[in-house]
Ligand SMILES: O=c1ccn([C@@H]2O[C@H](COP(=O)(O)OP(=O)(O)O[C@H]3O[C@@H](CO)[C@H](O)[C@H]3O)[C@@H](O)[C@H]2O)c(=O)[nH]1
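Before any questions on binding or motion, here is one chain by itself as structure tokens, the form predicted on its own.
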């Protein structure tokens, strides 16, 4: 495994929160070398306390409005989807995002798990979405490709997303929470696997890393929370969009290690109120994403995402007017991304013309 410090200048940690960040004390040995981007949700007049010794930026809704102006409408309010503002303003190659109720887990030997180091390892090694290796990740220590694996595919593809898991409180929907209120995940599976091409997955944002340069514009967590008819589908929406685009562009998505300790279950009755439309709509959303074939002319993530936004409006718009609004927000998100993250040639031109000043 590459030393964690290898990416300390290339990775931002993005944390959405509504509370003081005392949980960082437990993560201090692993997070302190890194820059944190904290996105405060809710009332911006509430002061958020961050433990001493961390290098961080703290953004609240006032900052979002100031940075994005009219485009701020695409950033969710009173929902963890606000984290994608941190993805937008970061200037680093990699992002690790974690929720503030997640703590350091221990492996079966009792050793504390450096989740960030494992994510970095996942991202720096190739994925194998085109042919499944029955020993899971062939690039892991002590593993390799099994007999019958085509040599022409053993180079793999670049990994865009590393999706980690959770011990203790599972990431369940409200109906499952209600029927299994005492269930806890105690199973530690020492494995990482590439999600095959053409296969969707329910992405959870509480323990997630990605290559911002490869897939960043697709990691939009949608319009959720306050003022919207749905919540708690923000990370899944981003996952479905990103996976379709990864498949089209030949990028990989990994899931499995690392584990974090998810400390508390949210209220299932509150969750049900947020989720109930999503539970109905997902029966239309999943077939929609499964059927998408993006045109060959879409060669960048932004081009893919704009095409996806059009299809959301066309195909899901009849399901509910919300999807018309969401499709518009997806376009606004890409406009904001391009404005804050211009291609190198555009940025150089702006600097030459005296537009960009430091």
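This is a predicted model, so every value here is computed, not measured. Residue numbers count along the first chain shown, from 1.
Omitted from view is the form predicted together with the named molecule, to which the following refers.
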ask   = Among 139 to 147, 280 to 288, 187 to 195, 80 to 88, which stretch has residues whose heavy atoms lie within 4.5 Å of the named molecule in the predicted complex?
value = 80 to 88
Residue (of 205, 222, 258, 252) lying close to the named molecule in the predicted complex, criterion heavy atoms within 4.5 Å = 205
query = Only one of 199, 176, 134, 266 has a non-hydrogen atom within 4.5 angstroms of the named molecule in the predicted complex; which is it?
reply = 266
task = Tell me, yes or no, whether residue 232 is in contact with the named molecule in the predicted complex, where a contact means a heavy atom of each within 4.5 Å.
result = yes
request  = Could you confirm whether residue 163 comes within 4.5 Å of the named molecule in the predicted complex, counting heavy atoms only?
outcome  = no
request  = May I ask you to check whether residue 247 falls inside a 4.5 Å heavy atom distance of the named molecule in the predicted complex?
outcome  = no
ask   = Would residue 18 sit within 4.5 Å of the named molecule in the predicted complex, counting heavy atoms only?
value = yes
note = Within 98 to 134, the residues having any heavy atom within 4.5 Å of the named molecule in the predicted complex are 99, 100, 101
